[in-house]
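Quick heads-up: it's one chain on its own, the form predicted on its own, in structure tokens.
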């Protein structure tokens, strides 16, 4: 690989807890099966490790049903980490639970102090800028506070807007390489990716947009064959991971890890 953007050496994950059946969801499409979720999580972690990266696996937190979705707690950048302030009240305590692990691997750890809210699922970091989508979980005050912090580290932040009915900005997009974004047509239609090369997921396969590029692999949710084929033909090494149970809680590939 020649692109340092995707040369990750570490990731942090958290095992699903038995309380996951009580997790937040925009619509009830069924209760997650814990055993199936655990099996998919093992595959996900194994794929990250296969790239040679160190994966820090944190224990399950029964007090926080959504805590498997670690991405929302922290923004990891080369210069330091920023602890988020989730927009869902039941998830606020997850940040304090994550911080000791972040303090172990970062010398500079900052905090979103509020009153605004912001979640990692609304943040897409590209080589040229940090895109932050306003959503039901991320508000203007949270974006403004984050902008001030990352500016000190030399980053440019651009606020964009997540389409109605879409939980997080990255529900509908992911970064494939320095210039290429995988996106739904509805998100791309907002004009937020002007200047980038955009690949659209297949019609009816919108959930495939939440994939992650991790070193040599693109981890994509299984069950979206046309999008997987398109990515393979475009030259990406795709590993499909079952996401049926996380999807019942509006979760996807990016939600399950912090990558740095």
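Keep in mind that this is a model prediction, so the values were computed, not measured. Residue numbers count along the first chain shown, from 1.
This next part talks about the form predicted together with a small molecule, which is not shown.
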Query - Partner-proximal stretch of 231-239, 217-225, 187-195, 61-69 relative to the small molecule in the model of the complex, 4.5 angstroms, heavy atom - result: 61-69
Query raised in the report: Tell me, which of 167, 75, 181, 143 has a heavy atom within 4.5 angstroms of the small molecule in the model of the complex?
Result: 167
Query raised in the report: Do residue 24 and the small molecule come within 4.5 Å of each other in the model of the complex, heavy atoms counted?
Result: yes
Requested in this report: Give a yes or no for residue 245: in the model of the complex, does one of its heavy atoms lie within 4.5 Å of a heavy atom belonging to the small molecule?
Outcome: no
Query raised in the report: Does the small molecule come within 4.5 Å of any heavy atom of residue 121 in the model of the complex?
Result: yes
Query raised in the report: Using heavy atoms and a 4.5 Å limit, would one call residue 11 a contact residue for the small molecule in the model of the complex?
Result: no
